[in-house]
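So this first bit is one chain, no partners, the form predicted alone, shown in structure tokens.
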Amino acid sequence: MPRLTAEARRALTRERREQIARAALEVFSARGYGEATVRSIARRAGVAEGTVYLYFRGKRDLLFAAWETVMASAVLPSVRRAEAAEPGSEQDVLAAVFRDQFQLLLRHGAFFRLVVHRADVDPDFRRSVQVRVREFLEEVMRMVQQGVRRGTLAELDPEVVVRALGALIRGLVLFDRYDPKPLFDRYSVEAVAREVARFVLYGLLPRTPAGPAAGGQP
């Protein structure tokens, strides 16, 4: 049997880590942190429990890897889509970004609430998350700054805007389940995404023919 090249070994390691991280996401979402076990995650991934420990030190690392998997696979691609928006398509592109993020949080809301809780009670986990959040925010802010330089985005403070948009997205979905009349029970994700996109782009002031949104779709 031919030996694997170094590149092939790295690819295999990456695939196996992703396989286990996806299984961890499913198990943590279904059972919570306390009830999830490395054994149950290994079983969901279809590997031996000892194999999991070849890639992760324990449950904390598995939770972090599952969170990173969601961020890398769903959040950054949406941001890059917004970065590539052509002039005139901003509303449709932003609505699509909001739609993707709302769907992500609706699908994995229990998991995200678990991550927030663990960050509150586990200082080591919180520090790991803070490092990655900072790296993520820096990448998003870099994209926003490029848009400002190109003239496709307004000259706003990216430090404030990026955090405000993230808080808007997370808060709208994660706290909706506590509303006596949940928004997403009464409106489709598409409808909410379109309305939030209009709000972000044009604000609350009435739009006039001479305003910045002239020619846009109502």
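A residue's number is simply how far along the shown sequence it sits, counting from 1. Source: prediction; values computed, not measured.
Omitted here: the form predicted together with the DNA. The next part is about that form.
Residue contact check for Thr51: one or more of its heavy atoms lie within 4.5 Å of the DNA in the predicted bound form. The DNA in the predicted bound form is not approached by Arg150, whose heavy atoms all lie more than 4.5 angstroms from it. Using a 4.5 Å cutoff between non-hydrogen atoms, Phe184 does not count as a contact of the DNA in the predicted bound form.
When the DNA is considered in the predicted bound form, Ala36 lines it closely, a heavy atom lying within 4.5 Å. Lys59 is the sole member of Arg163, Lys59, Arg177, Arg44 with a non-hydrogen atom within 4.5 Å of the DNA in the predicted bound form. Only one of 65 to 73, 186 to 194, 169 to 177, 36 to 44 lies within 4.5 Å of the DNA in the predicted bound form by heavy atoms, and it is 36 to 44.
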